[in-house]
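Presented as structure tokens, the chain that follows is alone, the form predicted on its own.
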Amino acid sequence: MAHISELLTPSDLQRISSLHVLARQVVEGFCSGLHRSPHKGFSVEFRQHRAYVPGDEIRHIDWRVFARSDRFYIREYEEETNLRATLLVDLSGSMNYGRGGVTKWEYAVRLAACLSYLMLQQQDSVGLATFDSRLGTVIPPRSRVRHLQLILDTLQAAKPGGETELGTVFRDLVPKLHRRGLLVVISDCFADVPELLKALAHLRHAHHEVLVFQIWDRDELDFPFRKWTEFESLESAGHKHLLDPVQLRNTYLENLARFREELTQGCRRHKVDIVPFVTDQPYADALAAYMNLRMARA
């Protein structure tokens, strides 16, 4: 059984304790919390006046406004609700990469644990879905503190491997999400970009807010190899190639820049934040920097 202290250090917990994950769009839920619900009710907080129409209940007429204007107006309110978040964590083989340090998968697990702890601390609901070429374990969002243990145990037990098919996975996930909410994708996003963008558009069309936390190893960004090196596919067993990296470096970096630009621009079109995380940077600091920027923007 995993414990929060095995995944997050005391300094990590201290760093994130004052942060809040605030959705920029309305979210759907059922508990009192920090976020506004799209459901109109007649309790909690005043929203607006609107003109009375036949069929409205008389008890909702604002008689003070009537006394001033000689017109009938209804007082509308909106209820407060918590954020429902689902963490989508990539289990594909490429997440196993890490040369001499933490692997992308280990980094993703700690980042997911960090987010889960943070959301539950602010009484939001958090769930988990793991995936590679297909959807794996799906844990519906809950707001109970003990729910964190289930998420941690699931992350600790998971073993990355296999290929990636983000487009299919995201489309299969939509029917399992019964309420709109925040979806946080934690992945290296190594997939066909047009198909991935179509899947993200599908999630947005279902009125979910989507964040993509893209996990990188520094080697993938800098391609520091100088000597003949054997490169092995982590998603297709037996695919190994002995290559001179010096001859490949320029082409690799050009393709990388094209991939990142296409993905970034596509996410921007669909109003999806994509945030790079590199495994040699403290994830709590990187997360804090992004969340502070997000709150300032909200």
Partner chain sequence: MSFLNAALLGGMAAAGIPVVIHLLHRHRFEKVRWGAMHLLERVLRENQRRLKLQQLLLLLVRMAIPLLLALAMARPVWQAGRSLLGGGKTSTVVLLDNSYSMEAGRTGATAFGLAKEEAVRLLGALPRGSDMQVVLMGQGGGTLFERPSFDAGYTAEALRGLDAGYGTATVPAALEFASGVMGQMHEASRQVVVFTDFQRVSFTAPEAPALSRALERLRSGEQPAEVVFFDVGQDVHDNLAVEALEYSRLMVGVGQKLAFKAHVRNFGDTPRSDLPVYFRVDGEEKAAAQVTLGAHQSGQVNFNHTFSTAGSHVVEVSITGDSLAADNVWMASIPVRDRLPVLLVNGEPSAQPLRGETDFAEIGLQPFSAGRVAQADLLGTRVIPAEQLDAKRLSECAVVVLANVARLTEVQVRALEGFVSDGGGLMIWPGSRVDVAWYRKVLFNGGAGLLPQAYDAVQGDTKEGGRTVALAAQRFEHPALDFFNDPRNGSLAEGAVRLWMSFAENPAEAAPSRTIARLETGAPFLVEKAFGTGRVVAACTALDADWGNLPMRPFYVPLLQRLTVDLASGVETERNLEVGQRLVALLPAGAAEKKVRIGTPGGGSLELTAQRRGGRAMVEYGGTQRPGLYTVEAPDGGKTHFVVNAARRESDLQRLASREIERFGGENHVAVVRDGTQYQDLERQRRFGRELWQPILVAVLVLLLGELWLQQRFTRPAMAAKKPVEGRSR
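Here the rigid core means the biggest group of C-alpha atoms that line up within 1.5 Å when the two forms are laid on top of each other. Residue numbers count along the first chain shown, from 1. Quantities reported herein were computed from a predicted structural model and do not represent experimental measurements.
The protein also exists as the form predicted together with its partner chain; that form is not presented, and the subsequent description refers to it.
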### Query
Heavy atoms within 4.5 Å of its partner chain in the model of the complex: which stretch among 105 to 113, 222 to 230, 121 to 129, 138 to 146?
222 to 230
### Query
Mind checking whether each of Ala85, Phe170 and His207 has a heavy atom within 4.5 Å of its partner chain in the model of the complex?
no
### Task
Classify Val275 as contacting or not contacting its partner chain in the model of the complex by the rule of any non-hydrogen atom within 4.5 angstroms, answering yes or no.
yes
### Task
Answer for Arg268 alone: is it within 4.5 Å of its partner chain in the model of the complex, judged on heavy atom distances?
yes
### Query
Might Leu196 be said to contact its partner chain in the model of the complex, defining contact as any heavy atom within 4.5 Å?
no
### Query
Does at least one non-hydrogen atom of Lys176 fall within 4.5 angstroms of its partner chain in the model of the complex?
no
#### Entry: Any residue of 259 to 273 that, in the model of the complex, places a heavy atom within 4.5 Å of its partner chain
Phe259, Arg260, Glu261, Glu262, Thr264, Arg268, Lys271, Val272, Asp273
### Query
Any chance the CA of Ala286 moves 2 angstroms or more between this form and the one not shown, core superposed?
yes
